[in-house]
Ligand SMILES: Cc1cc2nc3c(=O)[nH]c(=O)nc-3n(C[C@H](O)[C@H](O)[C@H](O)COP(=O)(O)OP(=O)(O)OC[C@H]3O[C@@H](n4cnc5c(N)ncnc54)[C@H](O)[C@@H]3O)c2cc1C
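Consider the single chain below, provided in C-alpha cells and representing the form predicted on its own.
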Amino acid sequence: MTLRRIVVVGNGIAGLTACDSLRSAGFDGELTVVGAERHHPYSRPALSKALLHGDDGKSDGALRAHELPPPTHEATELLGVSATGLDVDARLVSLDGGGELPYDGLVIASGSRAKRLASWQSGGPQPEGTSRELTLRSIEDAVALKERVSDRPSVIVVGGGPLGMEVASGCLHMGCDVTLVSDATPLSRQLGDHLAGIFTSAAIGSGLRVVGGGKARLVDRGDSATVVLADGTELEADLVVTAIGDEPNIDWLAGSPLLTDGSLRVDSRGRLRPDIVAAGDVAFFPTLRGVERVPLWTSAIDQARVAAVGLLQGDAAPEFNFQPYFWTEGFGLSLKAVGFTPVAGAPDYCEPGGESGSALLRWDNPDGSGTAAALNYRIPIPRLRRLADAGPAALRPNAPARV
C-alpha cells in the first residue's frame, strides 16, 4: 500500500523526530501532527536541569533553555488538540471536538503524563484541595514551580529518582528548605548503589534532608501540606512536589486491538502492525534485557528514527539496536552514562579526572555488555559509547582493566 497520508499523534520529541525522519527517508506526502499541548516541541529535560538554577541564561529571566529550533518538516500541526479514539479498520483517528483524521500510516507518539501522589496510592483522581502538590512535566508546570519557589517556601519532594533529585537540587539552589522522601536510596533503582551513594552524599552535604519510611500519601490541611508515610511519619511543608514516575498516554486507545495487556508493545522496527508504529514514552520495545518502556529523552529520539523508517520500509528497515544514554545534574555533580543501568557494585575501571571528584567509570555487566559513566568528567559522548562497548582499550592502548 502506498503511504500518502501519515498522521503523527504526539508533538513531543518523539513526534518531532518521527516527522523529521519520515521526510529524511523520502516521504513527501501529507503529514499531519496532532499535539495535545499548544506549544511546539521543546526540551523537557531542560525544565528540571536549568529552570531553577539562575535566570535560565537570559537577562529577562524568561524560560529559554527548553526551546528547540522551529520544525522544518512542513507538517500540518494541530496543536492543543487531543486524539480521543482510533479505528484501525477504517484508519481513522478521532479528535476532541468531534473531528476525524484519515490516514494510510500512523505514528503513535502520545507520550506520558506525570503520576500524582493521590492517584499513585488510590488509583483515583487527585482529590479536591491538593493544590499544594505540583508535578513537573510541562512548560506550565515549570512556570508554576518557579513562581512558587521564588518565595523560598519549605518544600517536600516525593520521589528519589532523577527528576526528584534534580528538583530538590534546584529548590535548594533557590534557598528553600527541602526534604526528599524516597522509599529507597535516591537514584539507586536507576543507577545502582555505587553512583547513588555518591549523589546522596553530595545531596546531604548540600543541605538536603532525606527521609525514608515507605510510600506516601498527601493530606492538605489548608495552611500546609502534610505527607504521611507508610510507617506513620508525618512531614509538613508549604509545598509538595511529586516525582513518582509517569503513565503512558494510552487512554485514547482504550479497547483497541493494539494494546497487549494494557500496553503498546512494538517490534524491533517500532511496528504494532504494518501501517502503525509507536515510539517514545508511550511504547514498550525489545531490548537486551527484555521488553521495556524506557522513558528517556534520547530513547524517544532513537525509537522514533527507527519507527519512521519501519513504517515506510517494513521488513527492509533496520532493526533497533538500543543502547541507553542517561544524564543527570544536581548538588554540584554531573553524570552522563551509556549502557544499561542500574549497575551492580563498584566499577571495574576507574580513571580519575583532572578535577577533584571527577572520574571516568566502567562496569562489566553479567550479560556481556558494558556501562560507562562520566562523573564531572568532560568527554565526548561518542568516546563514552566506545568505552561502554569496547572497554578501556577504546580510550588508550594498554589501559589497565582495573584501577
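Numbering starts at 1 and runs along the sequence shown. Keep in mind it's a predicted model, so treat the numbers as computed, not measured.
Here the subject shifts to the form predicted in complex with the ligand, a form of this protein not shown in this document.
Asks: Can you pick the one in Gly111, Gly330, Gly270, Pro186 that has a heavy atom within 4.5 Å of the ligand in the predicted bound form?
Replies: Contact with the ligand in the predicted bound form is made by Gly111 alone.
Asks: Using a 4.5 Å heavy atom cut-off, which residue among Thr287, Ser82, Ser206, Ser224 comes into contact with the ligand in the predicted bound form?
Replies: It is Ser82 that has a heavy atom within 4.5 Å of the partner.
Asks: Based on heavy atom distances of 4.5 Å or less, which listed stretch (308-316, 99-107, 172-180, 275-283) is in contact with the ligand in the predicted bound form?
Replies: In short, 275-283.
Asks: Even though the partner isn't displayed, in the predicted bound form is Pro342 close enough to the ligand, meaning a heavy atom within 4.5 Å?
Replies: Flag for Pro342 set to no.
Asks: Would Phe322 count as a contact of the ligand in the predicted bound form, using a 4.5 angstroms cut-off between non-hydrogen atoms?
Replies: Phe322: no, not in contact with the ligand in the predicted bound form.
Asks: Determine whether any heavy atom of Leu86 comes within 4.5 Å of a heavy atom of the ligand in the predicted bound form, and answer yes or no.
Replies: Leu86 lies outside the contact set for the ligand.
Asks: Contact with the ligand in the predicted bound form for Glu166, defined as at least one heavy atom pair within 4.5 Å: yes or no?
Replies: Flag for Glu166 set to yes.
Asks: Within 4.5 Å of the ligand in the predicted bound form, counting any non-hydrogen atom, which residues from 10-47 show up?
Replies: In sequence order, Gly10, Asn11, Gly12, Ile13, Ala14, Gly15, Val34, Gly35, Ala36, Glu37, Arg44, Pro45, Leu47 come within 4.5 Å of the partner.
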